[in-house]
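One chain comes next, on its own, written out as structure tokens in the form predicted alone.
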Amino acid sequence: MAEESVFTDLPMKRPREDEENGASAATEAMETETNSNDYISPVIPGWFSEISPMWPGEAHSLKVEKILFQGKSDYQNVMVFQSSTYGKVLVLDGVIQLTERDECAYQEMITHLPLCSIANPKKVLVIGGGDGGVLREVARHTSVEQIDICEIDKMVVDVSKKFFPDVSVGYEDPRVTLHIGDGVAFLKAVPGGTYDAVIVDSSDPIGPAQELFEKPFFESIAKALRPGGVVSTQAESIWLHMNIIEDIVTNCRQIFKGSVNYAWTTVPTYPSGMIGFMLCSTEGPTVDFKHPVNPIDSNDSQSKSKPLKFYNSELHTAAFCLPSFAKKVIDSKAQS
């Protein structure tokens, strides 16, 4: 089992508000303020609706068969419900984190895009990702000797272990050490050149998580990486957040002197149906993210998880192909 240490400081997750009464609140009027939203739809009783100022004017809804868990941690509201089409769903403060059906598209891509782009990664740090899905994917790489994860909310870890065993299986790997605490503060304390790869499974840039999209945080990542080390971080949707993506690319270009790239994947239950990643490397051995050098074969893996469902080498390369409107903006920022 993973070792656990406690590292306390500022919250890692941004605050989002969830209503506590679940489906019983289906007929209540939805309040307009973001700190008191009802996320079980008042329009269609028994449906969960994801509503946020990050994607104004739209909402994705899932039919709720049964609410399995509701709780409030020191940082956020946590809910798990059984949906009629996507299996069990994990929700933090009203925002879907994963569903059993499509979590593979996110977890596999945010992990294997960086780790398959460098030879023999040995030390990996995960910031966030308390559900354990990224750990599960990192564990597929037999060259990895050390996996550290820093997650702010222990309730997320415990709930994931109970309701999502196929996702949280990564915690069972003996190479994993869990640190409960703030990822920003944890990174600041990391000695320079420690990790081959850092994977940031972050929430959206509202509130405390804003730090995870700004230059000081990226500078801490660059410092923690060895020469030619890589980072993969959640980088929002080209359909909703091009202004945020522009800023991320600009900051990363100034800090990471190796390679800076934007890739994306499809996740049906995420806003706009897709999510992007920033893939960057520090100065040192050249990293070509678009052409993986460390292919992964799940059949040869030592991981206890099931075979890969989404990632493959062809999809790896294709993930960096952008639609023209996004390519024009991102390329201009990356080359400036």
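Numbering starts at 1 and follows the sequence shown. Keep in mind that this is a model prediction, so the values were computed, not measured.
Omitted from view is the form predicted together with a small molecule, to which the following refers.
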Pick from 275, 287, 51, 278: which has a non-hydrogen atom within 4.5 Å of the small molecule in the model of the complex? 275
If the cut-off is 4.5 angstroms on heavy atoms, which of these, 255, 249, 80, 95, is the one near the small molecule in the model of the complex? 95
Give a yes or no on whether every one of 237, 241 and 271 sits within 4.5 angstroms of the small molecule in the model of the complex by heavy atom. yes
Wondering, does residue 131 line up within 4.5 Å of the small molecule in the model of the complex on heavy atoms? yes
Would you classify residue 69 as touching the small molecule in the model of the complex, given a 4.5 Å non-hydrogen atom cut-off? no
Residue-level contact is defined here as any heavy atom of the residue lying within 4.5 Å of the small molecule in the model of the complex; does residue 202 satisfy this criterion? yes
Can any non-hydrogen atom of residue 310 be found within 4.5 angstroms of the small molecule in the model of the complex? no
Report the stretch among 225 to 233, 103 to 111, 187 to 195, 173 to 181 that approaches the small molecule in the model of the complex to within 4.5 Å, counting heavy atoms only. 103 to 111
